[in-house]
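What follows is a single chain, given as structure tokens, in the form predicted on its own.
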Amino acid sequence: MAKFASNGLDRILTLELVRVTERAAVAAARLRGRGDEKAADQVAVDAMRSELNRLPINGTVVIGEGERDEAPMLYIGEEVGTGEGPAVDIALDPLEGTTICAKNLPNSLAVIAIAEKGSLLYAPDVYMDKIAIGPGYPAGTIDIDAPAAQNLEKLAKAKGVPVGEITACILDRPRHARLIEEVRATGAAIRLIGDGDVAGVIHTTDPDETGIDIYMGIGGAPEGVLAAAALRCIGGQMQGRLQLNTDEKVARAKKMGIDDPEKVYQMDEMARGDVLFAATGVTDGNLLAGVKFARDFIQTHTIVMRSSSRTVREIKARHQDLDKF
């Protein structure tokens, strides 16, 4: 059972968190390629919730499966954990990339982030405009209000390469038609992804491996907070703006303490203080291998990180006690 230090989150919780994403990933992986997004998401939710309730924390889901009237489990505001331990905020996506999993395509993940109470952005389940790059660039290299061409030119200059050697990751959606046109006009390349923008943002942290330099465009706000939590641990820059484009969305946000619907959130406003982040591969991808089912064991591949120590661990686990799943 994890004990907690008086300042921040105890590092033992880092490994406890791995079990949470492993269980969700294994549950979802059993339904890879079956074409049933809802069923895969539901088993991942059930597995993650069950494991979370074993943790010695007083946790509140601030980024979850939806708002209370939309999600029966792991909804925004739900309390999880044993109740014995520190008060923490939790952002989670038991199955990041439900369509990816249903089609058995790359980069589906089970993802969670934990931070001290009041440290994660408490926001409604709406869209968010995002821009992100990995570590090693001067502060202010990106600006969400600047034209795409300007951001790409500044990034290329900071990297010391022509714009034509930059690759942007963008969700393949009709809403991004103009953005895609603007990026291609600069000569930069584009990696279009069908789903999974948490992985898309994390891929910017290792462009030599992933081939992705910058993430741009509109995706889910929950995924934005999770991605910001990951970048807080690895390093990088990120900005986001909630898409509160109706009176109803503005009202929902106001109930959560968001008074400025046009506010641009910096990375450390979306995820502050000591942050723990874990992700386990469901399907194979650039970042993580997917769950592998063998005759006598199950193999998982997880990345787990902590912001205060800037430690990134990769854990390849072979589970021989199959009954625990």
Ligand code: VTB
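Remember, predicted model here, so these are calculated numbers, not experimental data. Numbering starts at 1 and follows the sequence shown.
Another form exists, predicted together with the named molecule; not displayed. Remarks below refer to it.
Contact with the named molecule in the predicted bound form, defined as any heavy atom within 4.5 Å, is confined among 214 to 222, 73 to 81, 156 to 164, 228 to 236 to 214 to 222. In summary, among the residues Arg184, Lys254, Arg173, Arg191, the only one with a non-hydrogen atom within 4.5 Å of the named molecule in the predicted bound form is Arg173.
For the three residues Glu96, Tyr127 and Gly196, a heavy atom within 4.5 Å of the named molecule turns up in the predicted bound form in every case.
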